[in-house]
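So this first bit is one chain, no partners, the form predicted alone, shown in structure tokens.
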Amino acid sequence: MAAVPATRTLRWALAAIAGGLVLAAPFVVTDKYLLRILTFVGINLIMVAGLSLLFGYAGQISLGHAAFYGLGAYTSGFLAKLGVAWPLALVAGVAAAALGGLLLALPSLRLKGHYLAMATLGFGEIMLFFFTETEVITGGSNGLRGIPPAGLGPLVADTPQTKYLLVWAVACVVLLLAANVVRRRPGRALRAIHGSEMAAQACGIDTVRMKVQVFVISAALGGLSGVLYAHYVGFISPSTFTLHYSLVLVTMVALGGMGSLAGAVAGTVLLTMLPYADAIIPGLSRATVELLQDWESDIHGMVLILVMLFMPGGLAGWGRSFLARISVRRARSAGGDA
């Protein structure tokens, strides 16, 4: 019984350390390139938090989340260029992504497994075509340029430090809310649906309503991260919102571990920083960095296959097994001493 509080204490300690590092980074890191990478980690975390609720907890796979990312980015960026205040553009971007999620969820409720995956993949490709062909709104293949930075009145996030703080403030709030959801009744309902939808229905869970809600929430978080990305970079193009990005997000969730937000965070950090290893690991040769960048997609595929074959629980499952072994050893040692 003592192992449970010890595990919780360790989790809280790790969360506190991670929070302290996140808060200290913009004041300690002087390399703007590294700060930019860390900001992209925060943007991806918001996306992965939503996908983790949908895929990791509810078991509803999506290969079209890049479409919601693009809906939020283009809606907010277009409105901001028209002179709309950033908070209103933010709300509009999130609402557009949520509406897209609702329109996709309603006809896809009867689909499961690879059928659902194909439906979401098709939606992503349709939206990519829309982003490319509607040049009046999106700029087409040339992209949407001149998107102003996020701001509220005189407060404008126009420096690397302020942009980082804005993104990570939103990411931390999203992660806290997601953690609160999965620990309470909605989280238990999502896990029940993942385990067996028929059994969940027999227990009185409205599976249709829950699946629609989690899909809309996941899409809205995708739109939120798209809004932050658009106003951070100042330029967006259809090449950002492709199937490749959706697959990377799925790989992040799988690597971290199904049904674990902490694992999803770890998977996101590792895979986001992979192409920029030279900024994290000092002394890394240029040839190694170029190899990682050239083979990035192949590495993602190999990671996904290896996780499915040898580590189905992901990093979170490995961590739980490691802590369990430590607890068993301590219990045996305590029994031997007694």
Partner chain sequence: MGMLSVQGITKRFGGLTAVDAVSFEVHEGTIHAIIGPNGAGKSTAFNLLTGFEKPDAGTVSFEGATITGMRPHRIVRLGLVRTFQNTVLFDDMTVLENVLVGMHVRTRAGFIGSALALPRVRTEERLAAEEAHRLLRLVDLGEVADARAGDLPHGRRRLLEIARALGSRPRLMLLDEPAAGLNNAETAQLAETLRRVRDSGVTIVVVEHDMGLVMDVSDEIVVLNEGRKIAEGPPLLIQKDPAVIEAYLGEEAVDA
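Residue numbers count along the first chain shown, from 1. Predicted model only: the values in this text are computed from it and were never measured.
Keep in mind the form predicted together with the partner chain is missing from the figure; the text below concerns it.
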Notebook entry, point to check: Does the partner chain come within 4.5 Å of a heavy atom in each of Asn180, Ser196 and Cys203 in the predicted bound form?
Noted result: yes
Check: So which of Leu228, Ala189, Val216, Leu249 reaches within 4.5 angstroms of the partner chain in the predicted bound form, heavy atom to heavy atom?
Finding: Ala189
Note to self: With a cut-off of 4.5 Å between heavy atoms, is Val208 one of the residues that contacts the partner chain in the predicted bound form?
What the structure shows: yes
Notebook entry, point to check: Does Arg145 reach the partner chain in the predicted bound form, with heavy atoms at most 4.5 Å apart?
Noted result: no
Notebook entry, point to check: Could you tell me if Arg184 has a non-hydrogen atom within 4.5 Å of the partner chain in the predicted bound form?
Noted result: yes
Note to self: Given a 4.5 Å cut-off on heavy atoms, tell me which of 80-88, 208-216, 263-271, 235-243 is the interface stretch with the partner chain in the predicted bound form.
What the structure shows: 208-216
